[in-house]
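Quick setup: one chain, the form predicted alone, written in structure tokens, and binding and motion questions come after.
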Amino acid sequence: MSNYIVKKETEFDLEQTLECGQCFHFLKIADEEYVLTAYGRGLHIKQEGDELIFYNTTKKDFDLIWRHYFDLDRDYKSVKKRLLETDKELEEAIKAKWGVYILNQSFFETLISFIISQNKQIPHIKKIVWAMSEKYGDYLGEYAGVKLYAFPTPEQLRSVTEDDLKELKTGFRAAYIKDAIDKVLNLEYSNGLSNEDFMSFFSNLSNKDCLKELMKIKGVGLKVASCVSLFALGKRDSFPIDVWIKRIMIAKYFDGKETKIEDIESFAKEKYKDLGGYAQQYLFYYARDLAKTKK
């Protein structure tokens, strides 16, 4: 199979997009070169100059999977222009993290990954996601010398116990993961939907109603639900608030005074409207890296 090469979108940066904290099932193998999995498929990808190289990928696979996954059809120049017209305070964050695109990820993997993410640092989350895939998911083959496994389906995790999950270092999250698996499998609210069906089901709901549905799952609070809504269900007005977002929002908009998450959420909803998710990603990645440079 030959490689498929596309001209890099001027607003897109592969490293920034993968490393910004929205996904966890990838491995960096060189500068601007990664292997990853999504939708039960593996990919070896590299950014080189003004090109994106999709190794061993057909145009059909690119058009069916990767174009959508990387959100390459969206006009991010216009998105950033609208954001800056709304709020000049975002200029520094957007300039620093100019190449972030919001991925369109699968529902179940995103749900479980962000349940795992609670009180975990990104390297730990990635390690658990990788281990869960290796133990329970389908083997996809070697990509750039790396053995890749698909994230397991709900059916593949049907008989997994909390103790099994704890062996993967999930800790207290094991009960939440198990409940999420059971709710998806037992049709409590999902009605046995596939990823495509989930998209159809949730597309008819407002983000507010979407969050209510997701928070029926044990251990899924507003932050995790908002991440799933944004990264898997296409609700680009969703504005997940974690410690990094809370800190930078308080510093930028609330004069450094302690502020309730509910008030930050209301402020963001009013200010950014349908662009909340984009603003959140620029702010999150910028705030996280800014904290690293101050250490």
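Sequential numbering from 1, following the sequence displayed. Remember, it's a predicted structure, so these values are computed and weren't measured experimentally.
Not on display, but discussed next: the form predicted in complex with the DNA.
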Any chance all of 25, 28 and 126 sit within 4.5 Å of the DNA in the model of the complex, going by non-hydrogen atoms?
no
Counting any non-hydrogen atom inside 4.5 Å, which residue from 61, 32, 242, 237 sits next to the DNA in the model of the complex?
242
Identify, from the list 183, 135, 74, 169, the residue with a heavy atom within 4.5 Å of the DNA in the model of the complex.
169
Specify the contacting stretch among 171-179, 150-158, 75-83, 89-97, defined as having any heavy atom within 4.5 Å of the DNA in the model of the complex.
171-179
Would you please decide whether residue 145 lies within 4.5 angstroms of the DNA in the model of the complex, comparing each non-hydrogen atom pair?
no
Using the partner position in the model of the complex, report whether residue 247 sits within 4.5 Å of the DNA, counting heavy atoms only.
yes
Is residue 221 one of the residues lying within 4.5 Å of the DNA in the model of the complex, judged by heavy atom distances?
yes
Residue 14 near the DNA in the model of the complex, any heavy atom under 4.5 Å?
no
Residue by residue through 100-115, tell me which have a non-hydrogen atom within 4.5 angstroms of the DNA in the model of the complex.
114
